[in-house]
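In structure tokens, one chain follows: the form predicted alone.
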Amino acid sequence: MIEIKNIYKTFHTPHEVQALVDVSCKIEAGEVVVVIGPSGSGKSTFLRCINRLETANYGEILIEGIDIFSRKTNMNKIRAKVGMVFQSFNLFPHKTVYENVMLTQLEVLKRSKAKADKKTVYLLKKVGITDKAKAYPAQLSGGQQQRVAIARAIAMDPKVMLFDEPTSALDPEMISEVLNVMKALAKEGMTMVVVTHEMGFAKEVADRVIFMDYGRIVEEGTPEHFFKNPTHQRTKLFLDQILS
């Protein structure tokens, strides 16, 4: 599904910061990959490069064999395959919940209104927010807004979903309602790359865990390996700090 080859990314803000250093990995269709690490380790930059919201200075990212950094690549077509959910909900404040989920289907996918309506009703039920269809984002809790954001993303029928710390802006009691939606997506076979601090989610849902630090992939493996028998000392230190 996704092949990442020797990605480097440097920011000049104003000092030179190496956000990604020689990052390589593969993400298979149907796989759930959870990316963890300390703040500033490059996790979000890694995710944003996959959707070309950031452009790497060096290296390749192939999505279904297509080089997304090539000038010949139509990124609108690629982004239609790659849904993304951010920390902030990014909903249209002047549109209702129903309209937020409908809009991109009509304007980007050019779906008929009847098909888009059917899809929207189905997805609002799927994320448990049917009763808020006529509400505006400001009238929703953070957890409800994030579920709308997920519904809007999967309305595009993506082949892969990227989640950039989707629960970090939520109150603790709202986190589980968003994670439950993500767990359901994983069970349905959605390819997912998730940047998160929710270790319980990683243990329960991930096929593979990637640990990043200082822009590099330090260690990766199954949740069982990662949480019970990590090999790298930096990984052990990180886990000791967050699990103690």
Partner chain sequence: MHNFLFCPVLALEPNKLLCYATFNKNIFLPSHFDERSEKKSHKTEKAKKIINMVSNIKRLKKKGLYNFSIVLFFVMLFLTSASLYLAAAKIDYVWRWNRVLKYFAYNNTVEIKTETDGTAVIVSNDKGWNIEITKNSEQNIYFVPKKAKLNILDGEYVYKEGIIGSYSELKAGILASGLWLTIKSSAIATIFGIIIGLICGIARLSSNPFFKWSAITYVEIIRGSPLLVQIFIWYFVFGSILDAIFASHDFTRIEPIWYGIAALAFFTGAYVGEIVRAGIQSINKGQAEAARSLGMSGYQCMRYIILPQALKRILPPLAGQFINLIKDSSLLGIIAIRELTKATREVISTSLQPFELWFMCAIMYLVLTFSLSMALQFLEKRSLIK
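All figures in this text were calculated on a predicted structure; none of them were measured in a lab. Residue numbers count along the first chain shown, from 1.
Although not depicted, the form predicted together with the partner chain is the subject of the following passage.
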Exactly one stretch in 58 to 66, 206 to 214, 44 to 52, 183 to 191 has heavy atoms within 4.5 Å of the partner chain in the predicted complex; which is it?
44 to 52
Candidate spot F92, T104 and A153, all three touching the partner chain in the predicted complex (heavy atom, 4.5 Å):
yes
Heavy atom within 4.5 Å of the partner chain in the predicted complex - residue from R79, K159, R111, K132
R79
May I ask you to choose, among M84, L170, L124, L140, the residue with a heavy atom within 4.5 Å of the partner chain in the predicted complex?
M84
